[in-house]
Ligand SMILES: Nc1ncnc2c1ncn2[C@@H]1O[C@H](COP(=O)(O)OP(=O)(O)O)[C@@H](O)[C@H]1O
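Quick setup: one chain, the form predicted on its own, written in structure tokens, and binding and motion questions come after.
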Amino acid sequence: MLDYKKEKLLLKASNINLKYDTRQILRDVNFEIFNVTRPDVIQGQVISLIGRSGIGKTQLFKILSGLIQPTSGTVLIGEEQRPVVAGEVGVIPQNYILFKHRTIYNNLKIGLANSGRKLSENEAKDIIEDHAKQFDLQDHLKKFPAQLSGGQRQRVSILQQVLTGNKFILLDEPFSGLDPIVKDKVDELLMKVSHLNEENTLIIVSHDIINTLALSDTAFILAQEPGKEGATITEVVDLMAMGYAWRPGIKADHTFLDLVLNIKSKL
């Protein structure tokens, strides 16, 4: 059995409802994310928010990040469980928004500046270069975003959020449009981010079930219930309790693939 504990409450979404005019988009969405600890391992959290296209994942994504307010309900984050405020949750959209007229170094410098740390120019340079090396970006710091591949821009966007010091990072469809080899590299990158800090919490919003579940310790299924308007959390999949979390090569496990098929059938 895997040796782990669920400890401090890090995020709580309570009774989230979202309406556009009379149309119910989200209905009574409730879930909690806890700090997961393992002996001798820095173990951040990787959470999946899974649902079919058009179900309301993007709207919930924006509510969790404080970018839009729900019609009713609350999102509380951190040990002190304070209401989420836009800017304190890192957001990585599908199109990896970067300042196109700034070098990669200067894009990363903006992220570090937003951390609020008082650093000299040399200290900032050392931190950026050290992190760039960890993310295999050290040879690209003088380039501009247009000179990088999509996968490289994604790495820059993720690293930019890491440098802000935000413990919560939301990723919108990080596997979209990527070939299988690049997806495996994204897997490695996201696991690296989760292991940088015990309270780092990645929330992956995706309809790519197999790749997202393979990374996650917990998955929340967003779907509609028969006869009810608006999407809600219909199932919580505890991949730790099932023995699937943190296992290399899990995507080849036939019982894991059966789980993926079962979830697909419910969307």
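Small disclaimer: the values here were computed from a predicted structure and weren't measured. Heads up: residue numbers just count along the shown sequence, starting at 1.
What comes next is about the form predicted together with the ligand, which does not appear here.
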Practice problem: Using the partner position in the model of the complex, report whether Leu259 sits within 4.5 Å of the ligand, counting heavy atoms only. | Solution: no
Quiz prompt | Partner contact for Gly56 in the model of the complex: the ligand, 4.5 angstroms, heavy atom | solution = yes
Quiz item: Should Ile25 be classed as touching the ligand in the model of the complex when contacts are defined as heavy atoms within 4.5 Å?
Solution: yes
Quiz item: Are any of the heavy atoms in Arg52 no more than 4.5 Å from a heavy atom of the ligand in the model of the complex?
Solution: yes
Practice problem: With the ligand left out here, work out from 57-65, 236-244, 30-38, 212-220 which stretch has heavy atoms within 4.5 Å of it in the model of the complex. | Solution: 57-65
